[in-house]
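Encoded as structure tokens, the following chain is the form predicted alone, with no partner shown.
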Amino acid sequence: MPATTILSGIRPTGNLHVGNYLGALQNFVQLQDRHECFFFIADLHALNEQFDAKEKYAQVLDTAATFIAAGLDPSRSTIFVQSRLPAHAQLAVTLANFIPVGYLFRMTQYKEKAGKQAQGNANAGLLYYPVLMAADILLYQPTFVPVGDDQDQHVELSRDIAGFFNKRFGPTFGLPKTLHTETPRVMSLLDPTKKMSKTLGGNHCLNLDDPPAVITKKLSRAVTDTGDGTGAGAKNLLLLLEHFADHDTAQRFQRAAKEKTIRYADLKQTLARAISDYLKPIQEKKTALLANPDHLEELLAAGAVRADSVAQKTLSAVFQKIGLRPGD
């Protein structure tokens, strides 16, 4: 395995949006050219929020198809589904015994999400989420974990858990580092003070599956400003234009914003065309993949075999260290 290994996962909770694409998928595609990469569909992590069991499998396949349609190559990256490798759950249960529970209660994501649920009714999976994430990471001994800054705390906890285990049982885990790639922070179309997120509602997001008419309609409702290009909403649209339109077009609207001559109706129409044109080949490839689910499952199965060969080595070493398997 190359000296530098990358690992990351995305939860299958519905259609991915352009924020997911620019913030994660696009970078994954670039990373696979330079590193040994493991990218997984984090379906176990998708269970600690409300979900419809009848839709979950379709969401798993949809996420896998999006990965590949966006440019991840199963021959260069190991793409797999988390729940299909028992080693993830086995290591998570093991590691839970070597981390003080206080570390979990102080996690920012737990406090935020638990606060939104009924008092005292936050599920245990929400609290346990960082332990499972630590297992996801440590199984593959990655050098770097590409994350947004809101996930730094989870990688740090993985390092803490690895440190606790190594101190007690000897060197076993490497200490993964966060990888902050240059990713744009895409904001909600209707509330540009918040990151684009499915939880805010469909009109806040531009989904990767949205047809041109839907993209045009959503952008027509997007928040801007009074015309000087300084508002958060206007900056968000100009950011999207920079990534989806050609350089000259993006520069033209940037100059208009600085000169306070920008026409937001023109900007929104131009942006809608640019995003629709950009997403068209991704959408077509995804449609073809989903039309042949058996082939998609074959790709995931092959990825699972490759991932499991690495995960089992780590798990075996851990079980030997703690006495659950005979030593060398």
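The first residue of the shown sequence is 1; numbering continues from there. Everything numeric in this text was worked out from a predicted model, so none of it was measured.
This next part talks about the form predicted together with a small molecule, which is not shown.
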{"property": "Exercise: Arg185 in contact with the small molecule in the predicted complex, heavy atom 4.5 Å", "result": "yes"}
{"property": "Contact label in the predicted complex: Gly148 to the small molecule, heavy atom within 4.5 Å", "result": "yes"}
{"property": "Ala24, heavy atom within 4.5 angstroms of the small molecule in the predicted complex", "result": "yes"}
{"property": "Contact label in the predicted complex: Arg252 to the small molecule, heavy atom within 4.5 Å", "result": "no"}
{"property": "Contact test, all of Arg84, Arg306 and Lys313, partner the small molecule in the predicted complex, heavy atom 4.5 Å", "result": "no"}
{"property": "The small molecule: the contacting residue among His243, Arg159, Lys195, Lys235 in the predicted complex [heavy atom, 4.5 Å]", "result": "Lys195"}
{"property": "Among 167-175, 243-251, 100-108, 197-205, the region lying within 4.5 Å of the small molecule in the predicted complex by heavy atom distance", "result": "197-205"}
{"property": "Change in CA distance between Gln251 and Pro184 in the predicted complex, which is 3 Å or more, as closer or farther", "result": "farther"}
{"property": "Change in CA distance between Pro184 and Ala250 in the predicted complex, which is 3 Å or more, as closer or farther", "result": "farther"}
